[in-house]
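Only one chain is shown below, in structure tokens, and it's the form predicted on its own.
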Amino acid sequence: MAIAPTVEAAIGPRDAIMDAAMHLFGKQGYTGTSMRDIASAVGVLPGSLYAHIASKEALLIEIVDGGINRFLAAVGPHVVSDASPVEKLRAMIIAHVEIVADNPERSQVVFHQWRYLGDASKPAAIKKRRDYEEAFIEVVEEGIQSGEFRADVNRRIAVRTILGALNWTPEWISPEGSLSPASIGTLMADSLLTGVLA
């Protein structure tokens, strides 16, 4: 009788460990997940994990860093494009939703579990989060200068309101939903832009 391959055998041990950690960190939190939990999900002994990874925190660092890099790479081209500030901000909102929809569990970890990074790795994550926020602020400021956005808008509050709404999407977005990620992003942009448009 044939035995079904384990997750590890199907996609490779390190990828299987990363996937399991991403799922468990998103579902039960970083502090609520043990190495034994991860090993059980992969189907190996806990000690075997260390042949592929350095520590539980190393997994979190890789998930958070890689996740933030995806968001930065997705919105970066829009910031420097020749489009109008309104078109830029709309495109950035849609890009954000598309990254979330690609892997909601990863996004949950990136948005909510980065706080558990150690003192050595947390500053880099904070800087990248600020860089992401600043990209949105730059476009809002450009829109204020062009007259497309309200002159009295508080740039940082407006951007944090937008990002706060976007960062909640992993909690409810569904791959089985009737709307595509781009359609959801467009609808969200329609709602979120009303607060800053002149």
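These numbers come from a predicted model, not from an experiment. Residue positions are given as counts along the sequence shown, with the first one as 1.
In what follows, reference is made to the form predicted together with a further copy of the same chain, a form of this protein that is not presented.
Using a 4.5 angstroms heavy atom cutoff to a further copy of the same chain in the model of the complex, none of Ala16, His52 and Asn103 count as contacting. Using a 4.5 Å cutoff between non-hydrogen atoms, Val86 counts as a contact of a further copy of the same chain in the model of the complex.
Contact check for Phe149: a heavy atom falls within 4.5 Å of a further copy of the same chain in the model of the complex.
In the model of the complex, Lys27 approaches a further copy of the same chain with a heavy atom inside 4.5 Å.
Remark: Val42 does not count among the residues lining a further copy of the same chain in the model of the complex, judged by a heavy atom distance of 4.5 Å or less. Of the listed positions (Asn154, Gln145, Ser34, Asn69), a single one reaches within 4.5 angstroms of a further copy of the same chain by any non-hydrogen atom in the model of the complex, namely Asn154. Residues Ile184, Leu187, Met188, Asp190, Ser191, Leu192, Leu193, Thr194, Gly195, Val196, Leu197, Ala198 of 184-198 are found to place at least one heavy atom within 4.5 Å of a further copy of the same chain in the model of the complex.
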